[in-house]
Every structure is written in C-alpha cells, then in structure tokens.
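Taking the form predicted on its own, here's one chain by itself in structure tokens.
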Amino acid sequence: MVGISSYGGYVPRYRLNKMIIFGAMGWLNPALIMNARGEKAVCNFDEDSLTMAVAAGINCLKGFDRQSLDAVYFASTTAPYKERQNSGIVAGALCARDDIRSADFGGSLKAGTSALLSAIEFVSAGSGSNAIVCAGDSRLGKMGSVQEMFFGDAGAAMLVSDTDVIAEYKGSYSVTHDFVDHMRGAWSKFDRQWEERWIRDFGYAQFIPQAIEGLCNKYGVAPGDFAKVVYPCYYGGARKSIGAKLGIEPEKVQDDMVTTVGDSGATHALLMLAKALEEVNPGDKILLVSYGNGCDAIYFEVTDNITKLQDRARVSKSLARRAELDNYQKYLVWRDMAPADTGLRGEEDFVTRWSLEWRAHKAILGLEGTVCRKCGTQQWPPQRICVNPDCGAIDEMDRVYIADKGGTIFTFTSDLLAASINPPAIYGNVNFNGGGRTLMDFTDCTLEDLAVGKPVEFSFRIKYYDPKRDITFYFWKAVPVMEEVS
C-alpha cells in the first residue's frame, strides 16, 4: 500500500486584515472593497517560500525518523534560487541523509501536486520507502491589485510511504493546458493576471470539472462518493457553480481558507488537503484537485491508521498561533516593495564564504551537533574533542539533530542601533536542551515575550540577504514557546 503517512502545515504568525490594505490603497482602486473580507497570512521579514516549506516539513516529520527519508521534493513558484537546488537546502534543514533523491518543482500553481504525484510514483516503483514533499509560496501582487488582496503565504508538506499509510493512493487523472490566466516572467517580481471572468469562467469553471469527471470515469466513482472534495478557487461564485455542476454537496467541499490565509499558490492544494486530513475518518474518500495550467486530480482513501497519528491538528494549531500585522507600510518594507533606510550599518557588504559554509554545512543547515559516546555530553557546533573537562575523548562523537530538541533562554537583549527592517533587533544566548549554548536571534516575538529560562523552539529562517550578489543565506533562530490557544 502506498499513500500519505503524515502531513504538516505552516501558516506564518502575522496576519494582515484586508481592510487595512483597502484603507491604504482604496483611493487607487475602490473596487478592492469587494474583496476586503477577512485577512491573509504574511511572511515575517526573515521568512520566504523555502523557510515555510522547511517549517511544514518539520511539522510533518513529528514522530518519524529523518534518516529514513529517501527523497525530498520542493515545490514553489517563488523559490529563492534559480541555479542552486532549493530542495537540497530543504533536505539539509530536515537533516536528511546525503544519499537521497531531490528535485525542485515549479512553473505552475499545480507544482505541489506534481511533486506529490512524483513522490507517489517514486515509492510505488520501489525506488524508496519514504519521500517527503515540501511546498511553500510567497507570491506578490502590485499595491492596490486584486492579487494583493487574495495572495497569502504558507507552507505544506506530505510524507509519502509504503507503510503506516493514513490515506491510500487510489489513482489520479491530469489535464494540461497552456491557459494563461496568471503569468510571471523570469525577471518579474509581481504576478500579472488576465481578466477575472476569463480566469473564473474559462479556467476554474472548466478545468476543475474536466479533471474531476475524468478521474471519476477512469475509476468508476462519482463526485458524491467523496467525503471531502479539496480544490483551490478563491472565486466564491465559481466554487458554488462547480459544486452544483458536479452534484457535490456544499458541506463536502473543503473550506478554501481564503479569508484566513489567502491563496498560497503552489502550496494551497496541499495545505487544504492537510486541513482535510485533520477532519476525516477511516473509510472516507478524498478527492484532491490542484489548479494551474490544467489540473491534477488525485484520489485517496483514508485508512484506520489515521486514528494512530498523533497531534492531527497540524494546520489548525498554526492558524491559531497568530498576531495582527496592523501596519501596511511594514508589510511593504518586509516584502521589498518599498525602500527603507536602515542607516549606515544597513550598508554593510555581506560576503558569503562558500568554502567555510561547506565545511560547516551540517551545523548551519541542519543545526547538527555532536554527542560524546563516552560521557554523553552534547555540544554545538560539532566537535572532535569532548568539551567535558572530565572526559576529553577524541573522535568519539555521534551526530545529533538539535533543531527539534528546543531550548531555554539564557540571556537576551534588544538593539535599536543594529540594522534591521523589524527593529529592535532581539538576540541573546540560548541553551540547547541536552547541552550546548549559542548566540541566536529571536524572531516571531516582542521583547515582552522573553524571559530568562523561558522555553524556545528553533525555526529555519533567513539570516541575511545579499542584494549585490542575490544570495539568501539561511540559519536557525529562536522562537519563544507561547501558550497554545484552546
């Protein structure tokens, strides 16, 4: 049996109320008020499509052995690198083995399901037993555009396996059309779209039914047989007409989260699927449909193993952990849509020394440390010699993944003189659970959220961006653990 054995989702902490956008840009386009309901998820200044994909992947791999991964796939239309494999960075951050398959998927909003189907085929062919698909997108619309209202940021991940499957893969049906509704050229920053009625009436309203009908005919099922029908479409009228055309009961159509997250591009179909997997029961049939230059329709059936998966609310908890971003100008600066002066310190030239990065890439990407076999002392960065003065063993070290261990705050400070587009810069010393200490930035918090001894978790983030060489450099930051919203 091949199918999904785990899932994960990640919605950034910050949410921007769409009325704030309208309040800032309604003078330019009064019609924006028609799309100003709800809010959208917004990346923090140190997040992008790749960091969100990693966060979703970590969420997906709770309780699973990372060393069992045989493939890591990354799907996005906003990947940070064109010539440097983004999935290789994701694999490093997930602490996967070196001898794995990796691949990037992009170029279409159905890249997420294309990667998922490739993972299913990889496992079905016996090329490996476990393949993870991590997706993330952070698309931009111009100020005052409909896209700015609808586009949200998020990450999602699916673990495909041949054991302990919670949703068995039953089949798929795909259609491909060079239908240009949204387009972004090789050097374009912002999405460009054609008329809305073109997208709605000739895109969603035709291709999604075509894919669903094709799958149903291929496997002898009816749309009404599915307990959950999952497809992205932020046009409410089109969703109703698609459901009516196919005879799908409205309560079976998965909520598109357009008023809580927004449309997260290549991520969105997988994010909606992850949310659906929180709610289904053994025996339920799920129909997943992506959209973008055609459609992928994928048929799953939920197994009894769904009841054994711990902590199923993996999207809901991320949705609940939210904070208002009540400043539109801050959003513009974070997304590099408006220039901001960070002072002379902000003009520092970042030079990435790739030879140094390579020598320490396990410690940097995977936050790998070492633990002494003789005395059990843990240390970061990795050491050949045990730092315990009562031991001092040489070359008696095992690698240990520290990123999922968490830690506690040892010291912290805020710095209004440091160059930052989210001042003040907050940083300090963090103790790793199990041993070791290092200096880290704090993120997704205010100074009031910090206290000595408070627990933290670690998040893969952008350490700096070098605009001269177009290099994004990643490292880990500390996030204070907040009380969960019940």
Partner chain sequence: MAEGIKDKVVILGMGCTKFGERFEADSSDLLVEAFKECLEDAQIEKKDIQAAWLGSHIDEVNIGKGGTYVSSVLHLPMIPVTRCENFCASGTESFRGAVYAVASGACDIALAMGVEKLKDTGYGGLPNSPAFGQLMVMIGPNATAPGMFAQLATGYSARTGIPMEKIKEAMTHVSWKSHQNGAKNPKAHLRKAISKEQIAGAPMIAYPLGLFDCCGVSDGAAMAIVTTPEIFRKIKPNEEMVKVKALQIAVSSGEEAGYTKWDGSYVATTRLASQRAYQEAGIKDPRKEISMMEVHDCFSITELVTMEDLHISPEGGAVDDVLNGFFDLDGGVPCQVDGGLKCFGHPIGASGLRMIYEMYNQLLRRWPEDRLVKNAELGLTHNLGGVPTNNVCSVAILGL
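So that the term is clear: the rigid core is the largest set of C-alpha atoms that superpose within 1.5 Å between two forms. Worth saying up front: this structure is predicted, and the values here are computed from it rather than measured. Residue numbers count along the first chain shown, from 1.
Absent from the display: the form predicted in complex with the partner chain. The rest refers to it.
For the interface check, one of 72 to 80, 338 to 346, 124 to 132, 399 to 407 should have non-hydrogen atoms within 4.5 Å of the partner chain in the predicted complex; which one?
It is 338 to 346 that comes within 4.5 Å of the partner.
Report whether the minimum heavy atom distance between M440 and the partner chain in the predicted complex is within 4.5 Å.
Judged by the heavy-atom cut-off of 4.5 Å, M440 is in contact with the partner chain in the predicted complex.
Any of the heavy atoms of K463 lying within 4.5 Å of the partner chain in the predicted complex?
Within the cut-off, so yes.
Wondering, does F412 line up within 4.5 Å of the partner chain in the predicted complex on heavy atoms?
It does: once the partner chain is placed as it appears in the predicted complex, F412 has a heavy atom within 4.5 Å of it.
Can V387 be called a contact residue for the partner chain in the predicted complex at 4.5 Å between heavy atoms?
Yes, V387 sits close enough to the partner chain in the predicted complex that at least one of its heavy atoms falls within 4.5 Å.
Of A360, A320, A222, V180, which one comes within 4.5 Å of the partner chain in the predicted complex, counting heavy atoms only?
Exactly one listed residue reaches within 4.5 Å, namely A360.
Find the only residue in N281, S188, Q310, T352 having a heavy atom within 4.5 Å of the partner chain in the predicted complex.
The residue from N281, S188, Q310, T352 that makes the contact is T352.
Taking the partner chain in the predicted complex, which residues along 408 to 431 bring a heavy atom to within 4.5 Å of it?
Residues within 4.5 Å: F410, T411, F412, T413, S414, D415, L416, L417, A418, A419, Y427, G428, N429, N431.
M397: CA shift of at least 2 Å between the shown form and the other one after core fit?
Result for M397: yes, a 2 Å-plus shift.
Does C375 shift between the shown form and the other one by 2 angstroms or more at the C-alpha, the core having been superposed?
C375 C-alpha, core-superposed: shift of 2 Å or more.
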